[in-house]
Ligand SMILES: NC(=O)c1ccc[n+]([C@@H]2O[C@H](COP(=O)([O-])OP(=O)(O)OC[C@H]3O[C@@H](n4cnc5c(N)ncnc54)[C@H](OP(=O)(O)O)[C@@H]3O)[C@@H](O)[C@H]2O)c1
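First comes one chain, alone, set out as structure tokens in the form predicted on its own.
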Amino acid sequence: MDVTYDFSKKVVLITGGTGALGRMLVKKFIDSGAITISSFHNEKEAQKLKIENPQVELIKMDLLGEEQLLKTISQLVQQFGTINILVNVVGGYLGGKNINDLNETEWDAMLNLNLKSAFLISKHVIPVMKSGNGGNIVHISSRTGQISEGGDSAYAASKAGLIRFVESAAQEFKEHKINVNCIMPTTIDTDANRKAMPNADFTKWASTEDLANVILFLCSSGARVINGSAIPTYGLS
């Protein structure tokens, strides 16, 4: 039986809402009654998301530009009053290279995309939650953040760093009723991943709906005792 949530009167910001997991989250939060905002970079993907979910509010956002990010968050607060929930889906993967073959640009790209972005969006959303009545933040880490099988040192380091960041943030702001957690998927069952790995056993991958269900729970009142946790969401892999 599907669990239903009531997020009416909640303002939800989803970074990376135009991706496969992001689109599922947008749909589920809208279906749960939330005012749902999605960031985007690509205009074409944003238009597709709007067609799928006409109620979504779209905002262009650069998670690595702090000055622009601060203005964007202020704009959102002026328009919607607050931000109750942040789900940070922005991230990327780089694998298949050992440390000797990895260049500095690739290393920096992984640390920026997966870790610095999480730091900056959290830094500027948390004060909004502090001035309200708390909130919920969920980041997307990876099982690779716990154990790496090699060939992905930059990605693994960024996702491991994200887990420690979540733990620290959760301790720093728990008195303000702000819960900060992350999930740790492996390969997510998306069209892009199926195309990239056509010979894989897709039945062992976690679906975007299953992951979205975990995230919605972490953003609900039922998860108020979960804080600073990295939740395994490995599927059957």
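Note that residue numbering begins at 1 and tracks the sequence as displayed. If you're wondering where the values come from, they're calculated on a predicted model, not measured in any experiment.
Keep in mind the form predicted together with the ligand is missing from the figure; the text below concerns it.
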*Answer for Asn193 alone: is it within 4.5 Å of the ligand in the predicted bound form, judged on heavy atom distances?*
yes
*Would Ser142 sit within 4.5 Å of the ligand in the predicted bound form, counting heavy atoms only?*
yes
*Do Gly161 and the ligand come within 4.5 Å of each other in the predicted bound form, heavy atoms counted?*
no
*Val90: touches the ligand in the predicted bound form, heavy atom cutoff 4.5 angstroms*: yes
*Could you tell me which stretch in 134-142, 120-128, 100-108, 73-81 has residues with non-hydrogen atoms within 4.5 Å of the ligand in the predicted bound form?*
134-142
*Heavy atom within 4.5 Å of the ligand in the predicted bound form: which of Ile30, Leu58, Ile178, Ile188 fits that? Just give me the one.*
Ile188
_Members of 30-60 lying within 4.5 angstroms of the ligand, judged by heavy atom, in the predicted bound form_ = Phe40, His41, Asn42, Glu45
